[in-house]
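Below, in structure tokens: the form predicted alone, a single chain.
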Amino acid sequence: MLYKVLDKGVYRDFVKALISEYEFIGPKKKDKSEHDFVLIKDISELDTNYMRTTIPPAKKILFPPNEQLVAYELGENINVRSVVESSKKILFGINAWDINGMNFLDEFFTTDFIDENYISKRKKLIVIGMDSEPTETNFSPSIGAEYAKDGFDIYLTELKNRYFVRIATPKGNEILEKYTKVNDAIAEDFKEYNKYMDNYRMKFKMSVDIKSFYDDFESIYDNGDFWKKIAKDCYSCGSCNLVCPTCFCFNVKDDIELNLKNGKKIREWDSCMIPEYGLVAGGHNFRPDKENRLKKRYRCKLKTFIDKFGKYACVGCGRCIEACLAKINIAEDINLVKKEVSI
């Protein structure tokens, strides 16, 4: 890791140069309360002072909601070809918890099987992170996700008259050397940065008692009354999955043209919370009720990948809390597990 400082006087010129040279994805104000990460053509469109983005930027870029995987032609011979589409992009202004969400997807899509569609996009993505203000539902410090130590090329933290710059890759260093001028960080810069981070962490108002969840979860796993109480208002709509930075479930379907000779396989986001997710041929459903589905979701987010990757499949961003029509709150439920076991 290299540590530099970027003067605020040259910041705008740096960003303008990147916008002119790259396909530049950054936060743009969508309405009074939300931003979206979209293609930025001019610096006037860029607004890094955001709190809410409904769909996580890295997830929709690297793992699109709808993506062609295969094209095929049917005839005397069957021709099948993989479709892998990617282009060099800059993802600018992504915050720490969404970077950590992307880091989780990196592991998922490269551990048991190398997903070429995902990894081809990831290799060409230049990531420039920035801190953003947390929402009232954000509990990422409890998960250890409010700070990103890797997964980015450059990370900018705004101080009084300069940006504290962490450079994690040679690619990031090359971009800074090519498009702007930076100086080595000195002791005073580190001191101000540490003070900023201490104050920044105090802005997160929600917290969870996650320390003993791994064991406590097993003790209430078969407690049907507890899960009925937790899931009683769930609509099984899947909104929580769609806005989650780490949810990876997908369905693959065939789209065949009317001539019955050409077709393609499409991957699209799916949700483990909808009733049809566990339905198989013959009419059997492995997850027939909402209590079971919610319980499995919490297990996936907070236990399964501790065993597999040594990390949570949750970054504490709080999007699922805001998106849930029934106001189910994963943070409150984590604390309820502790309370239930302690009674």
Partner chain sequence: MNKPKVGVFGFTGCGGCQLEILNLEDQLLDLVNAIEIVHFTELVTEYSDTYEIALVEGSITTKHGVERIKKIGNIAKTIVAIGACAVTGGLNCLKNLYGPEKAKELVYGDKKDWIDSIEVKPIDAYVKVDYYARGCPPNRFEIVDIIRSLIVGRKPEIPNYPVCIECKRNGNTCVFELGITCMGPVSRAGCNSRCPNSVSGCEACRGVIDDPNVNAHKDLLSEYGLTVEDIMEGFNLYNACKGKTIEKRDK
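Residue numbers count along the first chain shown, from 1. Computed from a predicted model, the values in this text were never measured in an experiment.
Just so it is clear, the following notes concern the form predicted in complex with its partner chain, a form of the same protein that is not shown.
Proximity of K232, V243 and L325 to its partner chain in the predicted bound form is complete: all three residues have a non-hydrogen atom within 4.5 angstroms. Remark: of stretches 204-212, 234-242, 90-98, 179-187, the one touching its partner chain in the predicted bound form is 234-242 (heavy atom within 4.5 Å). Heavy atoms of D42 never reach within 4.5 Å of its partner chain in the predicted bound form, leaving it off the interface. None of the heavy atoms of E133 is located within 4.5 Å of its partner chain in the predicted bound form. Looking at K160, you'd find every heavy atom of it more than 4.5 angstroms from its partner chain in the predicted bound form. Interface membership of N49, defined by any non-hydrogen atom within 4.5 Å of its partner chain in the predicted bound form, is ruled out. Residues V243, K253, D254, D255, I256, E257 are the members of 243-257 with a non-hydrogen atom no more than 4.5 angstroms from its partner chain in the predicted bound form.
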